[in-house]
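Shown below, as structure tokens, is a lone chain in the form predicted alone; questions about how it binds or moves come after it.
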């Protein structure tokens, strides 16, 4: 059966809700579905994976009935209950639900009026009707609603063709330039990115930036003169929306200094985090907004977020954790984890040099690591090919490399250099280097670099075979994804994690901006099982060593503390773990 994505599940649930609304179903049943939709939208892991591990009940708002329907969907490819709800309704109406401002009743009315029975040509038919001015003639519609529908169809097609969520690193670059520009004027007290960028999500859509100031109008006037702006979409006293020349939308929101913390909180958390926080506030007789916390008719303002959370009896929730797990409950108990920080890192074990595909030499990479204050650096170039060179030649290459590393280690006491290789896990589940050579290394990173489209059972066996090799230390970029380019491997993560735990292996969190792999939701699951992490920059140049920060972002979103990340250990402590 197909492996349904969260997005596909959400579409089905939303269509079921639309059908329920048209048929006048019980409002409590509709609300139950809406609550489930809200929870799934906030998930950072796959609903399908949760089902496979009998964990659907952990999703907030998903009760026994929905668990049953989801289970049927994943087993058979359809949910009978949802299909029955949509029976006798025009199929074309469901294609219209993606349009901005078009709800269930509007979609139903339009589909009936214009005989839109099929999803395939639904958008084309409604666009044609709008162009002919037919929609505005319907009761309850007018020229504006007709134009909105037409604009929405055009925007939808454009977004499908062009709009793609940015890598976190790209979003950060754009945001940093804007914030630097904003701070050129003294009226800007502080400026911080909001939303998924501040939560350090792997990808980011449009950018929101919060500014604190005593003079909002001056800030907005300054912002709209930013050189990279293509178009100013709107301009108010405290907010402006612009489109940059690279087509990124930027919203700047300006707050008074005394309510800045409230604004930050309101626009940083995921939808699910904010729902749970609002419920916590309601339980205390409070209501929340971007302006502060209301108790009765009195509004309490907060200049920083710590005081905002503290007013509700909660410890400060780091932005990376504001995803709607159990962070609110733990904050109430002052039991949130102390997340790993860049300053905790003592070294990097995934570094490439000119010996494979890197652009800097061994000495240059070592010197850069010393500049970062590292105690150790692990050189893990791609292993030379035994097939092309033969074992004897590869042995000679390894011996020469070992001598170079020992020379560096004996010539100074600032840093220790470790000798490893990144070795390919081949399609036939063997490693690209024989054990007799692997055992000569300080450590081994095993990674998949080819044949990504193997069936689930085969690619899982392939990965587990590497984890069972006694000379493999770390599973490199475990999911194999490249963001916006290649989907993750279709692995049975429960089996992979069990194999890693049984064989005492380490999983990498790869900091390459296009990888960020292991993904954060899998990091969260892995550390719950007690599997240790190693954050690697996968550096191919001296500047790439700074990708360690990107890996830290993922680790923090996965709830990693210092103890779960092995390269927070000293070199002496690490020696006891590496073979």
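Every value quoted in this text rests on a predicted model; they were computed, and no experiment measured them. Numbering follows the first chain given and starts at 1.
There is also a form predicted together with a small molecule; it is not shown, and the following applies to it.
**Student:** Is it the case that residue 261, even though its partner is missing from this view, gets within 4.5 Å of the small molecule in the predicted complex, heavy atoms only?
**Tutor:** Flag for residue 261 set to no.
**Student:** Using the partner position in the predicted complex, report whether residue 409 sits within 4.5 Å of the small molecule, counting heavy atoms only.
**Tutor:** Result no; residue 409 lies far from the small molecule in the predicted complex.
**Student:** Taking the small molecule as it sits in the predicted complex, is residue 152 near enough to touch it, meaning that at least one heavy atom pair lies within 4.5 angstroms?
**Tutor:** Close contact is absent here: in the predicted complex, residue 152 is far from the small molecule, nothing within 4.5 Å, heavy atoms only.
**Student:** Is residue 481 part of the interface with the small molecule in the predicted complex - any heavy atom within 4.5 Å?
**Tutor:** Residue 481 lies outside the contact set for the small molecule.
**Student:** Only one of 371 to 379, 137 to 145, 261 to 269, 438 to 446 gets a heavy atom within 4.5 Å of the small molecule in the predicted complex; which is it?
**Tutor:** Only one stretch passes the 4.5 Å heavy-atom test: 261 to 269.
**Student:** If the cut-off is 4.5 angstroms on heavy atoms, which of these, 310, 318, 205, 337, is the one near the small molecule in the predicted complex?
**Tutor:** Contact residue from the list: 205.
**Student:** Quick check on this chain: which one of 276, 222, 199, 416 has a heavy atom within 4.5 Å of the small molecule in the predicted complex?
**Tutor:** The option sitting close enough to the partner is 199.
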